[in-house]
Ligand SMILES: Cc1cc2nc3c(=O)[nH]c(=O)nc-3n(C[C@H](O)[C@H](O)[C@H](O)COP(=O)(O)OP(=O)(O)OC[C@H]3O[C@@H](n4cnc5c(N)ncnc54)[C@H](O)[C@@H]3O)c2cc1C
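Okay, here we've got a single chain as structure tokens, the form predicted alone, with questions on binding and movement later.
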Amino acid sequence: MTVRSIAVVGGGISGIAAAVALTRHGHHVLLLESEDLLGGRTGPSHLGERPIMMGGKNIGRRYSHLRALLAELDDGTFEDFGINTSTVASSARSTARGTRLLPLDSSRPLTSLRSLLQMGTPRDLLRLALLARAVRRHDDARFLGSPTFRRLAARRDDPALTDYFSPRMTSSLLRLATVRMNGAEPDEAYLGTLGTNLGLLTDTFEQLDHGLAPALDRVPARLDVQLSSRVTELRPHATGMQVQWTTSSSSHTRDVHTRDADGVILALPAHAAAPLLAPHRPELGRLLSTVRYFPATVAVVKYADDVFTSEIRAVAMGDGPCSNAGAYGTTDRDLVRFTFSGRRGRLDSPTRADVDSLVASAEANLSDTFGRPLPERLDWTWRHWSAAYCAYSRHHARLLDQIATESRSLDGRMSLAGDYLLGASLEACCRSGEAAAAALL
């Protein structure tokens, strides 16, 4: 085997999966990440002295590739998180005892079934049950571009979910799934990509007992990692690619670095990969620029006592700026994560004061929902992503075919990975990275 020098651009789950796969086969890898930490939109951070994840952290039981990667990097154990979230009943009215909630809880199937029966019409539930069965039976149906959802989208001309399901279903269960995974309202989400959302709804979840941070911290021991390094240009040459990136120096100037590589993996969101490809592959850059992304803001708040209970650990907050409020873990019910996303939660460069005001409003709504005041707020932190969620596109499978066709012109010197290729879940990103490594080799 010839040892090759490969540059991986992007230190999220896709990039890490690609880099580890390459080093597993003995190749030299340079991993370039523009932020000062690995992990991408998993959002590693701290609340006081406690490490936390501001973004994705839940690991589905069907996340086989991600679990294998984490096992290679970390010896942590998993603790059950399940599916536990509640929506407000459409006919509910607030009283002194709070608001009637419809819980979805993987540990209480009969309770969940009663909730589902109130969330949609019989036709909705039949359609959803048939699609969910396909996702459970066919592993590829929970990823973008699967044959099951290609055929369905082709027959129906890939309608928005609001054109395929009733308002009751789209405003409750389906909105919960599309806003959570894609930041998209049901009228912005399409039947052809629904398999990725049903993969979320039909799985059960766990968390690593000490989070993802230890696994991320072990990556630099396996390969050359350069943080705070923003790639600005890729230059093809006869035998590979030259990569140019900049770093900040102590004098606040930008230092320019270059390195030749036998190949490059662009493990970036589509909107970030597009300008790097446009000078050499303009049509591929154009295609990537059409993939939609939506912003999100997340606040994690520490309270003096539990906010949630063992039976109610998260509440979908309707169509306000706060789309969801949930306990950080099954036993961390005094630690609450507020997510501001969906159409009314798309903030533009918010300040800490802006987010503080939004959290206060969400706390008031949560207090009304529970019919009791919330405990004292002790500490909090927040993070904003201008492009947090990949929301795919209408006829996304066709777009994937066009991207694949244009990618053949990369001549084996470059391959692509990211949330727009297989889906936005951590498992999809992991598989995308591994597939990019295999394609390059």
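As the structure is a computational prediction, the values presented were derived from the model and not from experiment. When you see a residue number, it is the position in the sequence shown, counting from 1.
Omitted here: the form predicted in complex with the ligand. The next part is about that form.
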Original post:
All three of Ser172, Asn324 and Leu366 touching the ligand in the predicted bound form at 4.5 Å, heavy atom to heavy atom?
Top reply: no
**OP:** Please pick, from Leu288, Val315, Ala299, Leu268, the one residue with any non-hydrogen atom lying within 4.5 angstroms of the ligand in the predicted bound form.
**Re:** Leu268
Original post:
Counting only non-hydrogen atoms and a 4.5 angstroms cut-off, does Ser34 reach the ligand in the predicted bound form?
Top reply: yes
Original post:
Is Gly55 close enough to touch the ligand in the predicted bound form, meaning at least one heavy atom pair within 4.5 Å?
Top reply: yes
Original post:
Given that the partner is absent here, does Trp385 sit within 4.5 Å of the ligand in the predicted bound form, heavy atoms only?
Top reply: yes
Original post:
With the cut-off set at 4.5 Å between non-hydrogen atoms, does Ala21 touch the ligand in the predicted bound form?
Top reply: no
Original post:
Since the chain is shown here on its own, which stretch among 44-52, 388-396, 407-415, 369-377 would lie within 4.5 Å of the ligand in the predicted bound form, judged by heavy atoms?
Top reply: 388-396
Subject >> Stretch 218-237 - residues with a heavy atom within 4.5 Å of the ligand in the predicted bound form >> reply: Ser229, Arg230, Val231
